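For reference, the chain that follows is the form predicted on its own, supplied as structure tokens.
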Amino acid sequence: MTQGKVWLVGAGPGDAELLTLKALRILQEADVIVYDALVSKEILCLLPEEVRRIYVGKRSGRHAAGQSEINQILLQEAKAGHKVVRLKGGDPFVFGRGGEELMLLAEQGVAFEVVPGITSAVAVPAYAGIPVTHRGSSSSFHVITGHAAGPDTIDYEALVHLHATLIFLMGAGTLSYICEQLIKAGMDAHTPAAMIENGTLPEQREVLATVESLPKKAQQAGLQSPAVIVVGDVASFMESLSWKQFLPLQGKTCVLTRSKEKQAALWRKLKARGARVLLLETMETAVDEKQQKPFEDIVEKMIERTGQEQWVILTSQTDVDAFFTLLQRSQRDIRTLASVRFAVVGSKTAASLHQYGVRADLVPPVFTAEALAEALLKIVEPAAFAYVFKGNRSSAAISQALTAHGICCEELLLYTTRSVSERAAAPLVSAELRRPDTYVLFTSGSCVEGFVQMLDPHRQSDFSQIQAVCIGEKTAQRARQYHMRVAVAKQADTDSMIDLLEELSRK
């Protein structure tokens, strides 16, 4: 493109799962993302690592960039031929100045597109159990900016006569004045009213009161901006319809340290239980192309030994994916190895293998390499052949145990795993680590090392306040080396890690 394009995208109120599918797709395709202060950390951690980020945060009284400067940034980046996303909290056309930012682009002939977001005016009350309309209570709702709370800009008498739900955005600083004006305009001082701070986020807090008492109760609770104010009979539904606090991991932050691809399922399960999930990819894994020829040589041996007892040994989901990647590149499929049996560590690895159409022949009840080696020695004949496919950081326990018992065993490193030195999400995550409701999940010792290396390459920081949830004892040992507070899952799988998190949350 000789000229780029701007997408004005609403990020929603904060919960990453409230991003629309279109918004997520466009974020993944962007060259440049210009974002506000109200875009949550959880969403920022989902952004592609390679995208250029420009912070223009705007909160009441604190602006990182003025509106005219933001407009010029969008114009310049688009004219440079970039795909530019202007990412704003909530919906960009609901008190988001989205129209102002597009006017200059329209005047300059720059292409743009609008991607609506879920507005906090509706979503935040919903997360507090407040329906903005309800038959018999309210047949309409009206959204008002709290910034323009003065009598010259808002007709309070007209609002009161509507007998509708009134929703004030950006009104934390003018709450007392708003309530005073509503009562002065004729509203019953005992009308239910609520204030919700940080709606949809783990730190969400809310106060239910009346129009008369809300300012005092909100002050006593220490509620601040960003907050949504709801006035009307529907506010009282918060007492019976509030649901968020019943999620087992509500209020908890979980930091995932594996690759995005490998932890997508875990991300979804944690979100379903109410957790905020921050992605911090500490490791990178790549299939070693130099191993294609050695891999094909081993496959040829397997074919030559058809009819003899042969075992392929895979200890992780990454092992499985790398194995089938190289198999497919060799222009062969699993039918080539019809007589070969498969042994794996863990139910998740077995499930990953099954996705390729293969059922595991052996899965030990204890999900460790040592347990698999012990189980193999009980059933494998001395004349059998075993092939261990692994990564550069995998244990040698299985091949050593089999070789020590006279079984012909070959190892092949299929992929390399290395620590990542920098991630854009690292400063965001670092700010959360000392909080008592934040847990860092480690699924391998490599993830521990990568985490420490990324946050403190000189090993001078104190990690003793970090709450580490580890998949197994070996991973836990590595975390203890850095004096982390360690909890270990009962079984070496992610479901057991989630069970442990719920147990810790209850305590």
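All residue numbers are counted from 1 along the displayed sequence. From a predicted model like this one, the values you see are computed outputs, not experimental measurements.
Below: the form predicted in complex with a small molecule, not depicted.
K.L.:
Name the stretch, out of 279-287, 319-327, 220-228, 337-345, where some heavy atom lies within 4.5 Å of the small molecule in the predicted bound form.
P.N.:
Stretch 220-228 is the one.
K.L.:
Exactly one residue in Val94, Val160, Val211, Leu175 has a non-hydrogen atom within 4.5 Å of the small molecule in the predicted bound form; which is it?
P.N.:
Of the listed residues, the single hit is Val94.
K.L.:
Only one of Ala30, Met454, Val34, Leu38 has a non-hydrogen atom within 4.5 angstroms of the small molecule in the predicted bound form; which is it?
P.N.:
It is Leu38 that has a heavy atom within 4.5 Å of the partner.
K.L.:
When the contact criterion is heavy atoms within 4.5 Å, does Gly232 count as touching the small molecule in the predicted bound form?
P.N.:
No, no contact at 4.5 Å.
K.L.:
Indicate whether Asn198 is a 4.5 Å heavy atom neighbour of the small molecule in the predicted bound form.
P.N.:
Result yes; Asn198 sits at the interface with the small molecule in the predicted bound form.
K.L.:
Using a 4.5 angstroms cut-off on non-hydrogen atoms, would Pro215 count as touching the small molecule in the predicted bound form?
P.N.:
Pro215 lies outside the contact set for the small molecule.
K.L.:
Going by a heavy atom distance of 4.5 Å, is Gly89 a contact of the small molecule in the predicted bound form?
P.N.:
Yes, Gly89 is a contact residue.
K.L.:
In the predicted bound form, do Leu247, Gly274 and Ser505 all put a heavy atom within 4.5 Å of the small molecule?
P.N.:
No, none of the three is in contact.
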